[in-house]
Every structure is written in structure tokens, then in C-alpha cells.
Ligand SMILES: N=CN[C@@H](CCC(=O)O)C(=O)O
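This document opens with one chain alone, in C-alpha cells, the form predicted alone.
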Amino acid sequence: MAGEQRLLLENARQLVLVCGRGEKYLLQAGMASLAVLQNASLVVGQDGYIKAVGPADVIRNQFSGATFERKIDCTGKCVLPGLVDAHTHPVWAGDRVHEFAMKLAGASYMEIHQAGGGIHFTVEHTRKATEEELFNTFKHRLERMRRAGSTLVECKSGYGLNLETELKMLRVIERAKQSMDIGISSTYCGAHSVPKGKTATEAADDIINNHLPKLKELKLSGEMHVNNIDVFCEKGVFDLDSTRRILQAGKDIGLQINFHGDELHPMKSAELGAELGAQAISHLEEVSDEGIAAIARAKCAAVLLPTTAYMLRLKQPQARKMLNEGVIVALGSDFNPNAYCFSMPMVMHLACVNMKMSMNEALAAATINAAYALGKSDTHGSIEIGKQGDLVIINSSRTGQMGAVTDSGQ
């Protein structure tokens, strides 16, 4: 095949496709034996999409007349799909280091929250920050994530809680979408907490009557395209009824439902998500048995966040039970001022050690299933012809060791 191509990765000792038959997600059985090629090469075209994957000698013959902008010799190395971080809060100002000392002294998450700390502390600082200040810190965080192997990241607003600041955060995310060499799925999370001086019902009314119509208007004008809607469904924050109203209103304007549920208290969030056709629900530390069965039936992804359980000393999410019962399990870093983790390899490590996932399960959960949680598994999450050439090269001959050499085909 002649013509100029963008990238040739040749002679990889191991090329981990993750999926080989166009699967949109993997359940437990599929995670047990991921698709892998030995001594393989791949080609990324000028459009950034994968054009060929196969044995090194076959690719060499197929592209004998082609020229490449870049060639990388992957002898003795392993190539993976770019990692997908399915849950982050990366746009904010200020820091909450002082709260770590409070936690160590025994204060709970909700005690800090109710004392004006937590989300409210970050809201205060984010409202004061300029758009340029937020963009510069956000850009730096995304670069750190990319260096750790993430090539697609879900990014939430949610530290504004008023229309002006939520839009400021979403503009920052949109700007990064257009200007940075990393994939972004943007999430409106204006229901991250109840603003001071409002009830949950009043906050929900404001979101439904003011915030969401503005997002719809900006989408129609082409100024901003938000992908997902999120609500923190939790005792003392947004109850089940307010959560249902907000999520349904978001769905009505074309947003995917992808929300926080069953984290600190059992709220029947999973059951609600299944009822509303949610693409994904995050946390689920306190999910009910009925909720697990419901999201398995609904093919709603469970985005598990081992960093959060670790930091807040919570009960670990029931990854093994979910996998056994047919849930699509994905992973996210939950990067935020409270859980400062840029690294999906670290998240995968915690998933294996603390949630008892296998290495194969953790890799699938951080690639194809995390992409599915964002509605992106048709273009991301595996190394297959026609998908975006987002790739991680690790300086190891097999996937049992996570290295640090990365290259993105974006």
C-alpha cells in the first residue's frame, strides 16, 4: 500500500488490542482473555485513525511502498490502547491540603462539607478565578494525565454552582477540546452541590429552567458542545427526586446521563440510572444488590473510583460482585482537589490490590469499558482498524508491567 502515512509502530513484542471483534464493552468472561498479537506492527494514517494492525512481516509487505512521517521501533516493547479516564474534576482553583489534616484527625467527608469546606471551599476560589487562570492550570493537569498514558479524559464542571461560573468552566473545557492533543468528553455537573442559600429543589429548578436551556442554546449556535450531565445524588445533597428531574431534563436536550450515585449512603441511584437509561454511574460504594442487577440489565457502566475509597477510607466498591453479575465495570481517577491522582496506571494498581480485580480486568476497565462509559467505544479503547490511533508504548515486553513511554496518534 503506497502513500504517506502518519505513524508506523513496528516489531512490538506484544500488541494488546484489548478487543479484536469490534466489541463495545467487555464483561467478565471477555476480560479474562484480551486480544493480543505477538511480534506485531500497526499503521496510523494521516487522519489519525488506525489503518492496519497485524504481524510485523505482513504489515511490512502491505506498506512496502508507503512513506511515514514517523516510525517507532517497538522491539522488546508492548503497545496498548491509550488509557481512558472515565471520571475527573480537573477545572478548579485553590487547594484543600488543609482538609487532609482534618481527615487524618477523624473528620468525615460530609462533616467537612457541612462546615463550608470540601466542594464549597473550591467553589469560592473557582468563582474568583479568571478564565485564563483556570485554563492554564487545567492545561497543566491534562498534560500530566497524558504523560501518564491517558489519551481520553472525561472532564466535569461543578465548582461554580451558578450559571456564570459553570459556563466559565465549560468554556475552559471547550477551549482545551479545540486546542490540546488529548481527547475530552465534557460533563455539565452544575448539580455537584446545593448552593448556599438554596434548597435542593430550588437548585434543581434553577438548573432545569436556566442552566440547561442556556447549554442547549450554546449547542445550537455551535459555541459549545457538552457531552454528559452529572448530579451528585447523595443524602444532604440532591435527593432521588431532584436527581431524576435534572437528569431527565439533561437527557431531553441530548446529554448522556453519567452521574455520581450511591457513594456515601444507599440512595437507589443505580436503580434510578437504569430506569433513565444512564450511560454510566460513578462511585457505587453503597449500591444495593437490586441496583447491581438493574445496571447489569440496562448495560449501564459502573465507573469505579478506587482513589476515592482509598482517600476517604470508604468501603471499597464491590467490583468482584459486579463483574460476577454481568456489570460493565470501568475505572476513573476521580482527579479533584480531594483525590489528587493523574495516573490511570495507579488507579489500575489500586483496583487490583484493593478491589481484587485481575490485571486484565483493570486494563479492560481503563480502556474499552471506560470508553463505553463515555459513549466513545466506537472510536476509542482498543487497537482496531478504524479507531483513533491513541497508543501507549510501555518499556516492557508484556502487559504485566506498566511503563511510562507514551505516544499518541492524535
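Computed from a prediction, not measured in an experiment: that's the story for all the values here. Throughout, we count residues from 1 along the sequence that is shown.
Omitted from view is the form predicted together with the named molecule, to which the following refers.
Engineer: Determine whether any heavy atom of His89 comes within 4.5 Å of a heavy atom of the named molecule in the model of the complex, and answer yes or no.
Structural biologist: Contact with the named molecule, yes.
Engineer: Could you tell me if Glu154 has a non-hydrogen atom within 4.5 Å of the named molecule in the model of the complex?
Structural biologist: No, no contact at 4.5 Å.
Engineer: With a 4.5 Å heavy atom cut-off, would you call His211 a contact of the named molecule in the model of the complex?
Structural biologist: Looking in the model of the complex, residue contacts with the named molecule do not include His211, since no heavy atom lies within 4.5 Å.
Engineer: Does any heavy atom of Pro337 come within 4.5 Å of a heavy atom of the named molecule in the model of the complex?
Structural biologist: Pro337 belongs to the contact set for the named molecule.
Engineer: Work out which of the listed stretches, 76-84, 211-219, 258-266, 173-181, brings a heavy atom within 4.5 angstroms of the named molecule in the model of the complex.
Structural biologist: Result of the contact check: 258-266.
Engineer: Identify which of Asn228, Ser242, Gln279, Thr308 has a heavy atom within 4.5 Å of the named molecule in the model of the complex; exactly one of them does.
Structural biologist: After the contact test, the surviving option is Thr308.
Engineer: If you check Ile119, Cys300, Leu161, Leu284 against the named molecule in the model of the complex, which one has a heavy atom within 4.5 Å?
Structural biologist: Residue within 4.5 Å of the partner: Ile119.
Engineer: Counting only non-hydrogen atoms and a 4.5 Å cut-off, give the residues of 16-49 close to the named molecule in the model of the complex.
Structural biologist: Contacts from 16-49: none.
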